[in-house]
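Encoded as structure tokens, the following chain is the form predicted alone, with no partner shown.
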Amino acid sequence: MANTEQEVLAGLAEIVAEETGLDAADVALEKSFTDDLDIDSLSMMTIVTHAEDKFGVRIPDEEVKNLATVGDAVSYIKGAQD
């Protein structure tokens, strides 16, 4: 079953918080993974792996580089679920 945008955002925020120690409330659609959330490439790959497991989607490596913001990731995950 596909999740709503809000459900994907909440789940992704939880994953980011667990991986980085950031407050999940700081993870918003407009936030940049690198500039705003200071997530490095290794942490990003861990986040992607957890998101794939949590949401039942596949995010190919070549797509990860296009996920600049939290909103990009939420949109990708939603599209992959539909």
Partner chain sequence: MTSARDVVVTGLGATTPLGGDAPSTWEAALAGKSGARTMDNDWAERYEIPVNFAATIKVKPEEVLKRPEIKRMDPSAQYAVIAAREAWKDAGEPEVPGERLGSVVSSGIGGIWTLLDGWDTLRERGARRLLPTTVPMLMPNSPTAYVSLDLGAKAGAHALVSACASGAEAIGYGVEMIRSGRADVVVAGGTEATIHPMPIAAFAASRTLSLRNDDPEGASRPYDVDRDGFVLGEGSAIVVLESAEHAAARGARVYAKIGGVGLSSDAYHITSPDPEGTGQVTAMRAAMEDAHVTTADVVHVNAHATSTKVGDLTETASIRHLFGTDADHVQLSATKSMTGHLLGGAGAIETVFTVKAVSERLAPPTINVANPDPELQVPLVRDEPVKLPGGDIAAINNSFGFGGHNVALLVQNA
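Since the model is a prediction, treat every value here as computed from it, not as a measurement. Positions refer to the first chain, counted from 1.
What comes next is about the form predicted in complex with the partner chain, which is not displayed.
May I ask you to check whether residue 58 falls inside a 4.5 Å heavy atom distance of the partner chain in the model of the complex? Although the partner chain is absent here, residue 58 would touch it in the model of the complex, with heavy atoms inside 4.5 Å.
Heavy atom of residue 32 within 4.5 Å of the partner chain in the model of the complex:
Flag for residue 32 set to no.
My question is simply whether residue 45 lines the interface with the partner chain in the model of the complex - judged by any non-hydrogen atom within 4.5 Å. Yes, residue 45 is a contact residue.
* Though only this chain appears here, would residue 18 touch the partner chain in the model of the complex if you measure heavy atom gaps against 4.5 Å? -> Yes, contact at 4.5 Å.
inquiry  = So, a 4.5 angstroms cut-off on heavy atom distances: do all three of 40, 49 and 53 pass it with respect to the partner chain in the model of the complex?
reply    = Yes: 40, 49 and 53 each sit within 4.5 Å of the partner chain in the model of the complex.
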